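Quick heads-up: it's one chain on its own, the form predicted on its own, in structure tokens.
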């Protein structure tokens, strides 16, 4: 089992740093899955138990100048590692204007991802800062726990409003309630609602638009003005909105009525899915 990769391009490095910062805000520990052409950051808290889950996919060719790996076996050419993303994010923060960053799977008392950052220096010799990030190697028999989450048939799919706007609304609501109801319909309308014994506050978003597939699937049996809704933990929603540093070109939300809210952020070379289960 071997893995080594190298980033030289500063734009790619900053982009990879933003992705790892986002992941570190969304998960205390996660699984890093390495395959020859992609990297995945996976959080698979069982949604049934009220946990959120996350699936973030990166094409390695868009980030790394060199990328070599040998998986656990020829027919299973992948590596699954358990990782604290905060440690990776911290290591990359030291690499703001690095000449190169090398990442390698090593064994130093325990398995580690070793991040070697070559910094520019005034003398001819360069300075290299090395971070050893402890990781756990996940055995193959457990890999099936980390498959891509299946998306249940959603009732409504809608484009999200500007995430910064949504975040500032949710931040204010958090002071009043622990739960928020997200509801949306196929006419591009979405509401965020909180209800307590004392107040009921609703923020309306209009003309957001629905992705093309949303109306095709649902138009046969769903009135376009009908709202699908889910009541979710407001802290989990805020964590998702606050952690977001990917600057997506598209941001979507799928709602399975009273069951789950599924967010998708798309960037040219990153896709991030985040699932928050509904509260009963």
Partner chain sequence: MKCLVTGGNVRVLGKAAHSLSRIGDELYLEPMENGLSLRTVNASRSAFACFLFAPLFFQRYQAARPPQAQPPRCKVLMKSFLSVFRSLAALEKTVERCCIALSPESSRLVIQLHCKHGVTKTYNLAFQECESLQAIFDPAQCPHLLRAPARVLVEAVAPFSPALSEVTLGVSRGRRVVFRSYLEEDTDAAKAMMTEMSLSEEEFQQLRAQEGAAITFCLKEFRGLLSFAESANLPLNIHFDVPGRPAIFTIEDSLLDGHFVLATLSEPDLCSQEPCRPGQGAHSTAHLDDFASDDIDSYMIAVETTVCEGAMAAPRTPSPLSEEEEAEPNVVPGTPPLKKFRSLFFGSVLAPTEPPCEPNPVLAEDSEGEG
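Treat the numbers as computed from the prediction; the structure is a model and nothing was measured. Residue numbers count along the first chain shown, from 1.
Note that the form predicted together with its partner chain isn't included here; everything after this is about it.
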{"query": "In the predicted bound form, residue 87 touching its partner chain (heavy atom, 4.5 Å)", "finding": "yes"}
{"query": "Its partner chain contact in the predicted bound form: residue 94, any heavy atom under 4.5 Å", "finding": "yes"}
{"query": "Contact flag, residue 122 vs its partner chain in the predicted bound form, heavy atom cut 4.5 Å", "finding": "yes"}
{"query": "Any non-hydrogen atom of residue 73 within 4.5 angstroms of its partner chain in the predicted bound form", "finding": "no"}
{"query": "36, 62 and 69 all contacting its partner chain in the predicted bound form, non-hydrogen atom within 4.5 Å", "finding": "no"}
{"query": "One residue of 126, 202, 144, 175 in contact with its partner chain, assessed in the predicted bound form (non-hydrogen atom, 4.5 angstroms)", "finding": "126"}
{"query": "Contacting member of 196, 130, 107, 168, with respect to its partner chain in the predicted bound form [4.5 Å, heavy atom]", "finding": "130"}
{"query": "Interface segment, criterion being heavy atoms within 4.5 Å of its partner chain in the predicted bound form, picked from 203-211, 157-165, 188-196, 107-115", "finding": "107-115"}
